[in-house]
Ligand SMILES: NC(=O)c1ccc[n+]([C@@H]2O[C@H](COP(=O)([O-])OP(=O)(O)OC[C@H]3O[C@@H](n4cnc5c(N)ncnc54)[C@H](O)[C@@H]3O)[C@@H](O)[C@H]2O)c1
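Given next, in structure tokens, is a single chain: the form predicted on its own.
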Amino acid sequence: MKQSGFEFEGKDLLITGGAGFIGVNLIRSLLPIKGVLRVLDNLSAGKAQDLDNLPAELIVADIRDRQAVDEAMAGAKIVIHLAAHTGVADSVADPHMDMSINVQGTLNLLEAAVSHKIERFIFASTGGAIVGDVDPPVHEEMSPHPVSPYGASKLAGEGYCSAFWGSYGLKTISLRFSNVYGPYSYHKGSVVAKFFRQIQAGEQLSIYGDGEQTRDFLFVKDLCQAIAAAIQVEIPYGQPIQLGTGRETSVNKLVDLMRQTVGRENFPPVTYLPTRPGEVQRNFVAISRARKYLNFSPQTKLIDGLKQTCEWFQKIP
């Protein structure tokens, strides 16, 4: 793992979506850090109070606002672009909204990054939603066949990152996140966060399909270690890197582990509903490229990550 040759301080970093789930975990993972970093977030999914007592300056603005993006990026060296419109079902319901944020917003950031001579641009992408329904494990050489507008928008973002490396020399890195879970996932629509919210509220859980659909569940602290490495090491730019555990878990198995975590006596009933359009049936990822370039080796067992996530949800007022 070759170091990039530059040291970063807080003032060097701009994190879009930094008040959201992954952003607040990432900032904590970077501590201690010299100085104050900058967060650009419209607070549609993040909470400003989660940045309290952290070395972060919050700029409340939307990535679709080109002037706000340009002003926020002034003086930065590294951009970590986490802000996005996430969720397959939401993208199916409103593909224009999904495109405006994930494609136009990303293009605004890339153009500003070239203008401000940003040294490195890290883009939060996705895996299964881009390659579609294929036989896993998902890897970077698979041809993209997105089955949802969300996957299409993230693929477009990756394409622009590749083009800006090829055309402008902007060092872009697309990190394809698998199903990330953990503390601070208030508004996250993925299955772990949604189920824990429903458990806390005493609501029944709904599984779409037969529950045998699979995902690769990655604990947020392990993800943040990979992002931190991507800030500092030399990587083949303009190319995607898959991040996950390399392990396949069905939704039924996930629910069983959550039941063990919460306790059977406190666990609500589970119902099964028709499969939703645009959902991938099986997904887990190959992480050989992440191991090679980021020295990535996720350490958190799913049951342990679920316990930490459950404890965090139980502390919410």
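Everything quoted here is computed from the prediction, not taken from an experiment. Residue positions are given as counts along the sequence shown, with the first one as 1.
Below, we turn to the form predicted in complex with the named molecule, even though it does not appear here.
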| query | finding |
| --- | --- |
| Contact stretch among 138-146, 124-132, 159-167, 231-239 - heavy atom within 4.5 Å of the named molecule in the predicted bound form | 124-132 |
| Close approach of residue 57 to the named molecule in the predicted bound form, 4.5 Å, heavy atom | no |
| 4.5 Å heavy atom contact, residue 22 and the named molecule in the predicted bound form | yes |
| Touches the named molecule in the predicted bound form: residue 17 (any heavy atom, 4.5 Å) | yes |
| is_contact(residue 245, the named molecule) in the predicted bound form, heavy atom dist at most 4.5 Å | no |
| Residue (of 192, 173, 82, 155) lying close to the named molecule in the predicted bound form, criterion heavy atoms within 4.5 Å | 82 |
| Selected contact from 271, 49, 275, 44, since only one has a non-hydrogen atom within 4.5 angstroms of the named molecule in the predicted bound form | 44 |
| Residues within stretch 45-72 having a non-hydrogen atom within 4.5 Å of the named molecule in the predicted bound form | 45, 46, 61, 62, 63, 64 |
